[in-house]
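This document opens with one chain alone, in C-alpha cells, the form predicted alone.
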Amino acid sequence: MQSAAQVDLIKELSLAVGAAHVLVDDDLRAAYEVDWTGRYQGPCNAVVRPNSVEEVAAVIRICALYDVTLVPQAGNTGLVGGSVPRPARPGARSAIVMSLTRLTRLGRVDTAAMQVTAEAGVTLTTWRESAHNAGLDTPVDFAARDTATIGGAIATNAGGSRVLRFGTMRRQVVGIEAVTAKGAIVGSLDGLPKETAGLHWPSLLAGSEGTLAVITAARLRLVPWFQHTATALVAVKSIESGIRLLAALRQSVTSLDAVEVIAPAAMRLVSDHIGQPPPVSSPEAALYVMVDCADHSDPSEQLLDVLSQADGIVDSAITTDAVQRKRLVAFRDRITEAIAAASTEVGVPTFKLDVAVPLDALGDLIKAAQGAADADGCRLVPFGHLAEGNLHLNHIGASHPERLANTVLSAVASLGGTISAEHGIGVAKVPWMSLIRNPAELDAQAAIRAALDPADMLNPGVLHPQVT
C-alpha cells in the first residue's frame, strides 16, 4: 500500500508529464526494472516518461522535493546494471526510473557542418538512417544499434567496431543539453568546432553514466559515407599473428574501418546458433580476425595486398558483395545473440566482463581469463575489438561471478589494462575501481559528483558506492 507521500509524488509526476506516462502497475514497470542480461534488477515506485527537456527538469525537481532517487534509462541495453534500479535494501530511498524513450526528435542534417542534433531517445539506427538520407554516415556502430540510444551511448562513452577509425562516442559529441540534479538545463547544441569558453559539458558528461546530469539531447558529428566496402574474415595461427596482421593493416590500408577479433569458442557458438558453417575454418586457427574497409572506391586491392604478404594466416575469405558481406558480418554481429540463447538454455544469466589491455598483453589476458573460467567450471566465450585490445569475456553458466570478476579484473589491472573498455562501470564493477584509479582520482571524481548532485539523487551506486 502506498504512503500519502508516495500518492502525492505520483500525482505531481502525472501533472508534469501526463498520467499516461507515469507507470505504476507492477506489470507495466517490470520491463524497466531489469537489465538486458537479466542479472541486474531492482524495484521502483514508478516509471516516468517525459517528452521534453522541460518535462525532464520538472521530474528531477519533483524527485528532489520528495527525496527519491532517479535512474535515467533509455534503450536499457546496458550490461553493468547502471540503467535499472538498485536491489531493495532496508532504509534505502525510493527510486523512480526516468525513461527517455519519448525524446526522439531528430533535427535536419547540416551537410556543410556535417552535424545533426538528436534527442537522447533516438536510436543509433535512426541516427544512421538520417545521415544516409543526407549522403553521410555515422562514426559509431555496434550490434545493439536498433535499441541502443544516443543518450545511453554518450553516458557510457560507447565504442563499437569503428573506434579504430573515428574514436568512441565522446569524440562525436560537439554539443550537449542536459539537466542537473537541481533541475537546471545546461549545455549548448550550437556545435561550434572552435569553442574554448571554460567548462566543456560534452567532455564532462560523456562517460558519466547518468550521475552528473541527465542527457536530453546532443549535437553529433557525422562522417563521409563510404559506399565501397570490403570485408575479410581471416583465421590466424596465433594471437601474435593477429597482432602482426593488425600492424600491417594499420600501416598500409588507408580505408581501414574496423579490426575485430573472434575466439574459436565464439565462432563455434555463433555458427551453431545461426546454422551455418564458418566461411573460414582450420584446426590450426587460434583466432579469427574480421577486417572491414570502406572508401569512396573499391578498397579490396589494398586489403588483398596485405593479406597476401602476412604470415600466420591459415585461411581467409574476402568479399565486396553486399549480400555476402552481410552473411560474413553475421558471424560477428550475432555472437551476443548466440551467447544469450546459450545462457537461457543453461538457465543462468551470462556474466560479462568488458576489458582492455595493451596489445602485447592480449595473450596473457586470454590465458588468465580461461584459467578463471576453468576454475569456475563455466564456458568462456571471448570476442571483441582487436585494434583496441578490447575483449568481451562472456561466461556461460558461471557459478561464482564475483570470484571470476576478482580474478580476471585483477589480472587486467596487473597487465596495465582497464576494467571497462566500453560498457561502463555501472554498479557491477564499482568494487574494483581502485584497481585502476588511485585514491586521489577517486576523491576528485567524488568531489565533482558531490558538487553537482550533493544529495546523491542521480543514479546512486553507479561509479562509486551508494551513500547510505
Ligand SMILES: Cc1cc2nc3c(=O)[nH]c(=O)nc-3n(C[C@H](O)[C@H](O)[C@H](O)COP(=O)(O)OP(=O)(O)OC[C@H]3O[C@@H](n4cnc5c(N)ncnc54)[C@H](O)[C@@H]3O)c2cc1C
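Model, not experiment: these values are computed from the prediction. Start at 1 with the first residue shown and count on from there.
Beyond what is shown, the protein has a form predicted together with the ligand; the following relates to that form.
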**Message:** in the predicted complex, is there a heavy atom of the ligand that lies within 4.5 Å of any heavy atom of residue 292, even though the partner is absent here?
**Reply:** no
**Message:** Quick check on residue 144: any heavy atom within 4.5 Å of the ligand in the predicted complex?
**Reply:** yes
**Prompt:** Going by a heavy atom distance of 4.5 Å, is residue 218 a contact of the ligand in the predicted complex?
**Reply:** no
**Item:** Partner contact for residue 77 in the predicted complex: the ligand, 4.5 angstroms, heavy atom
**Value:** yes
**Fill in**
Given 205 to 213, 319 to 327, 242 to 250, 302 to 310, the stretch touching the ligand in the predicted complex at heavy atoms within 4.5 Å is 205 to 213
**Asked** Would 36, 72 and 155 all count as contacting the ligand in the predicted complex, using a 4.5 Å heavy atom cut-off?
**Response** yes
**Request:** Let me know the one among 191, 382, 139, 160 whose heavy atoms come within 4.5 Å of the ligand in the predicted complex, would you?
**Result:** 160
**Message:** For a quick check, can you give me the residues of 98 to 127 that have a heavy atom within 4.5 Å of the ligand in the predicted complex?
**Reply:** 100, 120
